[in-house]
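A lone chain, given as structure tokens: the form predicted on its own.
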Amino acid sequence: MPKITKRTEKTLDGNHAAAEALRQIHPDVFGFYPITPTSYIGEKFAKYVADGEVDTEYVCAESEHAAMSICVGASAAGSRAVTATASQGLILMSEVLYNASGMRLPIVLINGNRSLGAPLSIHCDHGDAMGVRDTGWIQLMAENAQEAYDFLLCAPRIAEDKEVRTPIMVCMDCFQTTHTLMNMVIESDKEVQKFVGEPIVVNPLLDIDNPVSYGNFDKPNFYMEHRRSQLEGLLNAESKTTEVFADLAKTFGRGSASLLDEYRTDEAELVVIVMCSTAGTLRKSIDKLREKGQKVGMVRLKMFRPFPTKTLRKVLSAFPKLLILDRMSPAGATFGALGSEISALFYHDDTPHPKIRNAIYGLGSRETHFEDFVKIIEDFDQLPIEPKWINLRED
């Protein structure tokens, strides 16, 4: 693909959009092992390398664990490192994800949210991303290809900030986003590179005049302090993300500084909370209910880690009823991951708090139509405290 010299409208899916963003970011190292549904990101980027459009060191690894290990070594050496994966690949990386965050390495990872086995499924849910939610990585949740592209332009700036220094993953839904075409805007290479900026390198291993060590053994008298320091960097990512999102909106005229996307929440009595591609279907459900005179709205999270606690508590406390949609199995927990987090927001609140219900939907891409969401919203007051599974065959 030739260099893009001006803003261009294209019809791309999420994988192509992600590959294009990476080409424009021009990372130093791309460690990669293919897995559905993100294999094409690596394939497309390999072509960029072969065609001389980037001079990235593209390393074909023997596993996802190795791919992340390559990124860890490259980032510690002072390189801007990226990778892409999904599902079992992300879980196989999990050991190294902890190392990357513990060493405060600003690696960028693209994840195609995909179900976990067994049984084997190549279709969508959020079990993989939620399975590594506590590895210390920033997690951004894209609704569509345009947002995946935009989030990737923001990702290096957020991760490399000196007050953050934390790896980041941009998540987009398997097939619904990775393979679904949409009309979108690709910015010029020059403007993207100006927006992203040069890598901010801190304490590189290859600076032999200033020797450093990574991954040292930690005794009990320092381990907690280092963990706390790591957490501070992760928590600082919330305000930094807001700042970078605001700059993206100012520079390119898209999006907003907010970590939440509110839809028709004016005078809403019930608000549905969701992440990623389902928001599109849910908007149609809400429009239908609004036509019936029901006061319903939606809040979509753009960030799951660090969890935007204060922002969400301030926004959600205004609504009497909250329906939280989780695209993962609770796996024995009281609620799904999103349901548990939002319920915890109000646990220590002495003021009256919303009535909360949790629903599980779309596991392994089980079809959930706008009529299904209309029905569960209308049935809210009859829902049990335990999560309601939408479209589950129970015969």
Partner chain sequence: MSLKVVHSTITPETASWKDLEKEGPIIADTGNSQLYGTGNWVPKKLDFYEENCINCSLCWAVCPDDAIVFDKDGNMVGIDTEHCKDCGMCVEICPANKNPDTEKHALVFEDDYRDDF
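Positions refer to the first chain, counted from 1. The model shown is predicted, which means the values in this text are computed figures rather than measured ones.
Note that the form predicted in complex with its partner chain isn't included here; everything after this is about it.
For the three residues 162, 201 and 214, a heavy atom within 4.5 Å of its partner chain turns up in the model of the complex in every case.
A heavy atom within 4.5 Å of its partner chain in the model of the complex is found for exactly one of 297, 102, 73, 306: 102. Exactly one listed residue, out of 287, 247, 232, 269, brings a non-hydrogen atom to within 4.5 Å of its partner chain in the model of the complex: 232.
Partner proximity in the model of the complex, defined as non-hydrogen atoms within 4.5 angstroms of its partner chain, places exactly one of 108 to 116, 311 to 319, 223 to 231, 239 to 247 at the interface: 223 to 231.
Shown alone here, residue 292 lies farther than 4.5 Å from its partner chain in the model of the complex, counting heavy atoms only.
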